[in-house]
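Before any questions on how it binds or moves, here is one chain, the form predicted on its own, in structure tokens.
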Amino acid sequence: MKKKVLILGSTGSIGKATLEVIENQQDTFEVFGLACKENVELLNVQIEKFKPTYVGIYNEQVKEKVCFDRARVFTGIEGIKEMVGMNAEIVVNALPGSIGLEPTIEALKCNKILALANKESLVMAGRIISKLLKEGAARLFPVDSEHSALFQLMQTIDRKELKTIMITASGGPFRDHEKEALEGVKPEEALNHPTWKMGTKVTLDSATLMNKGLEVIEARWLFDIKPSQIKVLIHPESILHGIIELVDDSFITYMSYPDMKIPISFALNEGKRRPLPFNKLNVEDFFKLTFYPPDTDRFPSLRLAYEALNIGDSALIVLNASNELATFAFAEGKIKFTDIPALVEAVLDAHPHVPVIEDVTTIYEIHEWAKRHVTDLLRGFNG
């Protein structure tokens, strides 16, 4: 029988790529449900093509625009969680931002196969997610080129052999900019990623290197590893996605064409590889692969992520919430590009430290505190 797949965030870049994979592997998968934040126009197109059993829309105000049987349309975060609890075997969580946290936890509690593309879930609640995975029967496969690569590499070694893991980064559109020039960059420039096609939030995070900071935090929880064992390398070609360094100072690497459909297929197939008719990597085309350390003076967001990890759980929540709001403030032209990490650092400095958090209620209380603090600080910034 075909496996039923629920796609949360179906209208985003990961959601669309997931549907491409499913369309290519119709012998194995069927679309059980589609859910998105608010892009009803594209959602309706997907409904017509993939004929899901259920549909979800986070923004309840646009429910009437969804072209689907009203009795099978779920709204808000509670509606999406209800969809997660139904009989889809696989849940792909590609919802944007912090709204993805509760569906992640619900999927794990319901012992689903979770293909996780929502970084914020692990950033905000890595400790809780780790506990749920240990105690239940759920399985988590990271849908992210770097973490999927590292996930696969880690399975090839004995844990005692591991020295460090290395996450690669394209460096974003401003990797060659001088520090002073970063103050004047515009949102449209920041949204022009040199390699990947992603949504607004992830693309802007890539430009500030916060994306890599969030991935460092994810890796800490995914692989139960110390922050000091996680390194970031700038790799403009975006061909080598993960590196593990072993205790004998040797390295194992994972290379592929920069196409998210590769890790998506790996996750949907629960760690099995299948032939894919998409872009292929011809190693002969790449005469040179470049690597160099990130510049945390020009891009302090990465430094802030490491600092938050060392502070503890509450700092990770504050980092995520303040970055989310600051990023969208920049996208709306309210602050400068360099104000994003400045805002995040100011909120981190002001927050009360709580090293260990093991309940979702406290997570959301701190999340809301951080959002209020950012809102107050934004009044003092000139974009």
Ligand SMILES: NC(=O)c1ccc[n+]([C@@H]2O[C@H](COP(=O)([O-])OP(=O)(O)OC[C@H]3O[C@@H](n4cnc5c(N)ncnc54)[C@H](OP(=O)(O)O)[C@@H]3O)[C@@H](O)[C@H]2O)c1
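Heads up: residue numbers just count along the shown sequence, starting at 1. Quick caveat, the model's predicted, so the values are computed rather than measured.
Below: the form predicted in complex with this ligand, not depicted.
Participant: Heavy atoms within 4.5 Å of this ligand in the predicted bound form: which of the stretches 170-178, 239-247, 112-120, 289-297 has them?
Facilitator: Checking each option against the 4.5 Å cut-off leaves 112-120.
Participant: If the criterion is a non-hydrogen atom within 4.5 angstroms, does every one of 127, 227 and 309 touch this ligand in the predicted bound form?
Facilitator: Checking in the predicted bound form: none of 127, 227 and 309 is within 4.5 Å of this ligand.
Participant: Can you check whether residue 187 is within 4.5 Å of this ligand in the predicted bound form, heavy atom basis?
Facilitator: No, residue 187 stays farther than 4.5 Å from this ligand in the predicted bound form.
Participant: So in the predicted bound form, does any heavy atom of residue 58 sit within 4.5 Å of this ligand?
Facilitator: Residue 58: yes, in contact with this ligand in the predicted bound form.
Participant: Taking this ligand as it sits in the predicted bound form, is residue 219 near enough to touch it, meaning that at least one heavy atom pair lies within 4.5 angstroms?
Facilitator: Residue 219 lies outside the contact set for this ligand.
Participant: Examine residue 39 and determine whether its closest non-hydrogen atom to this ligand in the predicted bound form is within 4.5 angstroms.
Facilitator: Residue 39 belongs to the contact set for this ligand.
Participant: Heavy atom within 4.5 Å of this ligand in the predicted bound form: which of 107, 94, 305, 209 fits that? Just give me the one.
Facilitator: That would be 94.
Participant: In the predicted bound form, which of the listed residues (83, 90, 143, 232) lies with a heavy atom within 4.5 Å of this ligand?
Facilitator: By the 4.5 Å heavy-atom cutoff, the listed residue in contact is 143.
Participant: If you apply a 4.5 angstroms heavy atom cut-off, which residues in 242-262 are near this ligand in the predicted bound form?
Facilitator: Going through 242-262 in order - heavy atoms within 4.5 Å of this ligand in the predicted bound form - there is one hit, 260.
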